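Shown here is one chain on its own, the form predicted alone, set out as structure tokens.
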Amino acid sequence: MKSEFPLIGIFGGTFDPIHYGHLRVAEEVAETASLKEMRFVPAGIPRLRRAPVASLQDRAAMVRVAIRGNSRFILDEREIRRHGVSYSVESLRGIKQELGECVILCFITGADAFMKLAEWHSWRELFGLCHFIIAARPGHSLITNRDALPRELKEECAQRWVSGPDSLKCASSGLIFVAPTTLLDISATIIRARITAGKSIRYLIPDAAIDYIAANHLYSRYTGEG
């Protein structure tokens, strides 16, 4: 029997800056899986990638203004308030403790990031805390062929795949659903480079975030023109 507990999306990232690629994935996944809410969790100090360019406070502020107006989107600042390296497993433990057992957590990640899951801190514990919803382009190999996964991860995931989002309510954690989504070819790296070069970033990120970047002179030399 399916659980009546609501599904809560957890969407982590550096969001340096947040852009329409992030927002479109969040919107489509929330709709597909009927999520009650989608929590954006800006990373503090990421372990497996370069340190963000913008400060903790600025990245959180950009998320806040970018998601304003969407009642299902929520900013969760727990990682930027935590000292030291950010670990997803610690955030999930905290959210689970905060919200209790009457919700089901769904961790949102891209296909490329999921391929490296076995490199994450305490990665096996994650399956006891949440489901995974993998955002992938239609036709991505993870949808049709999972042999590309590293052996250790492939073995751990073998019995966890489900074909539809409704299955996520049949267990409290541990399942994996691949959601075909419209992955826009936008990257924060390109956005930062355009800002530094004085080029337009209009239609790549929300206007409210553009205004914040200009007002706070983020990413060097950007004046808000264009």
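A quick note: this is a predicted structure, and the numbers were derived from the prediction, not measured. Residues carry their position along the shown sequence, with the first being 1.
Just so you know, the form predicted in complex with a small molecule exists too; it's not on screen, but the next bit is about it.
Chemist: Though the small molecule is not shown, can you say which of A33, A188, I195, V178 has a heavy atom within 4.5 Å of it in the predicted bound form?
Modeler: So the residue touching the small molecule in the predicted bound form, by this definition, is A188.
Chemist: Of these, L204, L218, I210, V25, which has a heavy atom no more than 4.5 Å from the small molecule in the predicted bound form?
Modeler: So the residue touching the small molecule in the predicted bound form, by this definition, is V25.
Chemist: Where, among 148 to 156, 91 to 99, 70 to 78, 112 to 120, do residues come within 4.5 Å of the small molecule in the predicted bound form by heavy atom distance?
Modeler: So the stretch in question is 112 to 120.
Chemist: In the predicted bound form, does C106 have a heavy atom within 4.5 Å of the small molecule?
Modeler: Outside the cut-off, so no.
Chemist: Is L129 close enough to the small molecule in the predicted bound form to count, meaning some heavy atom within 4.5 Å?
Modeler: It does not: once the small molecule is placed as it appears in the predicted bound form, L129 has no heavy atom within 4.5 Å of it.
Chemist: Please check if G13 has a heavy atom lying within 4.5 Å of any heavy atom of the small molecule in the predicted bound form.
Modeler: Yes.
Chemist: In the predicted bound form, does R82 have a heavy atom within 4.5 Å of the small molecule?
Modeler: No, R82 is distant from the partner.
Chemist: I have L7, R39 and K169 flagged as a candidate spot, so tell me whether each of them has a non-hydrogen atom within 4.5 Å of the small molecule in the predicted bound form.
Modeler: The answer is no; none of L7, R39 and K169 reaches the small molecule.
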